[in-house]
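A lone chain, given as structure tokens: the form predicted on its own.
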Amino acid sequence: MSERRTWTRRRLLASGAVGATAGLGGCLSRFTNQQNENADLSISDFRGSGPMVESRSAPGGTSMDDLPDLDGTLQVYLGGGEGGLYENLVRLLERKYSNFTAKVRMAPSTQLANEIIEVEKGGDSSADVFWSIDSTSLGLVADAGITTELPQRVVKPVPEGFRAGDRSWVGVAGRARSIPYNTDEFSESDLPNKIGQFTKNAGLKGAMGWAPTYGAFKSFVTAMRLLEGPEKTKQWLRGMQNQNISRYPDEFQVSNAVADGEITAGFANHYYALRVIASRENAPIDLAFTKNDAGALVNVSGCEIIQGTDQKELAADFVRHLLSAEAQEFFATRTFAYPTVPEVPPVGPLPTVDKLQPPQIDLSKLSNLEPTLKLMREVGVL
């Protein structure tokens, strides 16, 4: 981003207040006008709370009130789920539609993907929808050839790059790679906008941190391996080791260490810095993004419809509801994820998803993790 941003609570409140004036006449009014026809829900039931959400404008996009009602019973296999937050959204849909029931099975995403593949290949079908926290598991199921093509009306609101080219899956929430940095030490212009330059910048020697055992980091390295090749990826990892980069167990700790001044920048998914800001007033942390390389990867949580389902229409309508204005607002304000519908802004002054510059990469290919782990072991990162 070219414009300097300051992620203080005062700034976040101000950015929300500006948007409120323009947006309140849109889908929020339609939603609340019709709420009595179904359950007594309003946009506030889907929206989170806190300084990054107060005075936020009404979301754009298509309201649930303009979509077909959900009616029937659906088997939803939910991989991950952000500590139960995703299931909370399912329960809101059940409250809104009295004739809709979702039987949710929750487990780690890879475990569920393998279970679905095994059952489907055995000629049986237990899942109607697979909703996974990561594109890796979505790719595993799609590669097994047991998904159906999502209707165009479902995938249309989501930009290319955040949905499979063959419409086997669609992203409903995004996680952007970013560079959290300490605003007492750096400005955005001090940081490279290309991931490859971080190994060559003398001002960053001994200043940065990463969490190489963390899943999001492994996906990032996988993206680099696919884009740049294994040798260049090894050189980059060794280059960061030569920069005396500090090691942490996860990316929330990387972001906290940045805010503490223990390190001055790091590699982490974007929402960890937001969680730091939400929990610590005036935390000196901001985010920078690289452009068109693995450092700008946007991974997604997404859905696919399983081939053996006899609830194809209901499953498609369910997925479309996850891309509604209300559900996208839920992802933005309760999980701090990126909405994949551009009409719904992320929290704070983050750029909308269509303003990011991620690399051109098939996210399904991130499921090929084993060569990445071997590569990381060879250079001593794992």
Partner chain sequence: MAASDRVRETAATFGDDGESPPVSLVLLAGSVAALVAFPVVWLVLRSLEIGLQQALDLLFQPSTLEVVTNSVALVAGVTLGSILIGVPLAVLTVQTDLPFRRFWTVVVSLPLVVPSYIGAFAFVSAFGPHGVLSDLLAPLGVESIPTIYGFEGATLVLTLFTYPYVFLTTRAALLSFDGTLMEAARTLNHGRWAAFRKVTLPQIAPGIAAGGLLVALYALSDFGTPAIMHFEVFTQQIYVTMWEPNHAALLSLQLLAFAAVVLALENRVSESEEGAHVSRGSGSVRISLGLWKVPALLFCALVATLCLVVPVGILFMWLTRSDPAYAGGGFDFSWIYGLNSGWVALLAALAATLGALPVAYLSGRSDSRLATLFERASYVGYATPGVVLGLALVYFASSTTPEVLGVELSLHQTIPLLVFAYVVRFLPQAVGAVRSSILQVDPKLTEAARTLGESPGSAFRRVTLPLVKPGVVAGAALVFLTTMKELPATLVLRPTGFETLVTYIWRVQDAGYYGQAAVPALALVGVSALSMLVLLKQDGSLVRREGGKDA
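In this text the structure is predicted, and so the values were computed from the model without any measurement. Positions refer to the first chain, counted from 1.
Missing here is the form predicted in complex with its partner chain; even so, the following discussion is about that form.
The stretch from 283-291, 123-131, 158-166, 143-151 that comes within 4.5 Å of its partner chain in the predicted complex, counting heavy atoms only, is 123-131. Every residue in the set Pro108, Glu115 and Arg377 has a non-hydrogen atom no more than 4.5 Å from its partner chain in the predicted complex.
In the predicted complex, Asn193 stays away from its partner chain, with no heavy atom inside 4.5 Å. Its partner chain in the predicted complex comes within 4.5 Å of no heavy atom belonging to Thr73. Remark: Gly229 does not count among the residues lining its partner chain in the predicted complex, judged by a heavy atom distance of 4.5 Å or less. For Asn242, no non-hydrogen atom is located within 4.5 Å of its partner chain in the predicted complex, even though that partner is not displayed.
Site annotation in the predicted complex: the residue of Tyr97, Phe186, Phe252, Phe198 reaching within 4.5 Å of its partner chain with a heavy atom is Phe252. This chain appears without its partner; in the predicted complex, the one residue of Val90, Leu204, Ala278, Ala216 with a heavy atom within 4.5 Å of its partner chain is Ala278.
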